[in-house]
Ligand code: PHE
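Here's a solo chain for you in structure tokens, the form predicted alone.
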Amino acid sequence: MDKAPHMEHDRGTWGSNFGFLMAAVGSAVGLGNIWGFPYKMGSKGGFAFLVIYLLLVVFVGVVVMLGELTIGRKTGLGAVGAYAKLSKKYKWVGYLGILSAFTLLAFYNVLGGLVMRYMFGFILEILGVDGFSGAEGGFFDYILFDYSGMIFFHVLFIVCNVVIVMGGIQGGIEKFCTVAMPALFFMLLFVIIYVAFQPGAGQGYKDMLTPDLKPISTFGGFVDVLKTAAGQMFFSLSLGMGAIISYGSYLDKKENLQKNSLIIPACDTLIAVMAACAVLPACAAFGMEYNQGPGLLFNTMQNVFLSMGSFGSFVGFMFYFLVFIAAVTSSISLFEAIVTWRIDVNREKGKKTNRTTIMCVAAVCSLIVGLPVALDALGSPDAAVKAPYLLLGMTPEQLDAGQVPMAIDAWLDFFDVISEGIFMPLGALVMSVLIGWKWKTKNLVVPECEQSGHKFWGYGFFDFCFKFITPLGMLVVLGGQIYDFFIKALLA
């Protein structure tokens, strides 16, 4: 099993460890960093949220990252094949990852398409053309009901993914991410510097960084911030969705797994904090609210950049372009998890692998499944497609009164609860228990991390986390998500 099977066939390998890191960081850095982290940090206590988030990255994120990289490289297979090779009765855990990737794509592609629409809107603004016609009363509300536009950009975003993934590991994913991730960093740095000089931006930094632990001074407040930070950390790092296991399966034995498992979460966290340094001060400078969901990215930030004057359109384009890069580097990893699974199945059956065909089939399936998300206007009763709560006989009045569980208030949240709410934390929970108690850290993780003479340090820390801390963290995520998506509304 220690022999690197991915070196013996046409699945491919990474051209360099830097290329792998850029792809893995790209998988982790997505909409969760640029949009989710800033609004959750802004609405959940600022500095207190940041402290808890960083602790969770160290005690949970790094550990799960190492576990998934180990399983992927040791077996040389994607999520399903990897678990089946280690123990056939746990093959279902791999399927949880594949289902997570597919259900995530159902809404992630739609959001990626929206990002492209805003990016093109600011290009038109730079050229002196109204790029946001219909903005009276809010362009975001307008575009949700522009069904032809929603579908067009939904398709366009998927096509971008198809082109990249069809190129393979080195020629497609690695080549794109090696350029895209450094570009994202420098564009985000530019936006941060520009926003910092806007009058009133200082209040945003104050809200972010003032040491204030009052939001977690009570038990209820602490649990609320903890489950929000845990859910954000877990989703942001692309864990439990098969992507990291798939990327790890293409990794050469000479690379240092332990070092990589630290670098990826560190880079992901850096980008998340940088995004907060751009978004929250920008909102403060122009009197916008922090605590919004999709509206923060697709309404508030658009208004912020349009309020900056003529140069603001250029800054707006830069911002949405970097968000597009973050979105597509994550979505290609989700598609790759599915493609790798099918490649492994074909190889096991002795069939010839055609990456292009597999990717095109996955793209069409994700397009079809994502159509309700593109056409339900985030659960509006007036949309072309009825939201789940309407199909179940509930009313808009119940939605307004907070009596509709979040899991069914819109198709976006429906798919989100399946993936982020259940499959991902459950898969990571089972993985950490298996590594900690059944397969044993010393028998699985340590030998793989010590390949090519690398030293595995901190065995006691990782073993304790796999056995106790990480499963507990996953239980917090799972319980918090079930409460938010299902129970909270029923108790209202």
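Note that residue numbering follows the sequence shown and begins at 1. Just so we're clear, the structure is a prediction, and the values are computed from it rather than from any experiment.
A second form of this protein, the form predicted together with this ligand, is not displayed here; the remarks below concern that form.
(message) Give me the residue from Leu334, Val279, Ile245, Ala229 that has a heavy atom within 4.5 Å of this ligand in the predicted complex.
(response) None of the other options qualify; the answer is Leu334.
(request) Have a look at Phe235, Phe102, Phe298, Tyr320 for me and say which one sits with a heavy atom within 4.5 Å of this ligand in the predicted complex. (result) That would be Phe235.
(request) Tell me whether Thr70, Asn260 and Cys449, taken together, all sit within 4.5 Å of this ligand in the predicted complex, counting heavy atoms only. (result) Looking in the predicted complex, the three residues Thr70, Asn260 and Cys449 all stay beyond 4.5 Å of this ligand (heavy atoms).
(message) Among the candidate stretches 54 to 62, 31 to 39, 431 to 439, 461 to 469, which one is within 4.5 Å of this ligand in the predicted complex when only heavy atoms are counted?
(response) Contact-bearing stretch, as computed: 31 to 39.
(message) Can you tell me if Met241 lies within 4.5 angstroms of this ligand in the predicted complex, counting non-hydrogen atoms only?
(response) Contact check for Met241: yes, within 4.5 Å of this ligand in the predicted complex.
(message) Just checking whether Tyr108 would be counted as a contact of this ligand in the predicted complex - the rule being heavy atoms within 4.5 angstroms.
(response) Yes - in the predicted complex, heavy atoms of Tyr108 and this ligand come within 4.5 Å of each other.
(message) Can you tell me whether Gln302 touches this ligand? I mean in the predicted complex, with a 4.5 angstroms heavy atom cut-off.
(response) The answer is no: Gln302 has no heavy atom within 4.5 Å of this ligand.
(message) Is it the case that Ser330, even though its partner is missing from this view, gets within 4.5 Å of this ligand in the predicted complex, heavy atoms only?
(response) Because a heavy atom of Ser330 falls inside 4.5 Å of this ligand in the predicted complex, the answer is yes.
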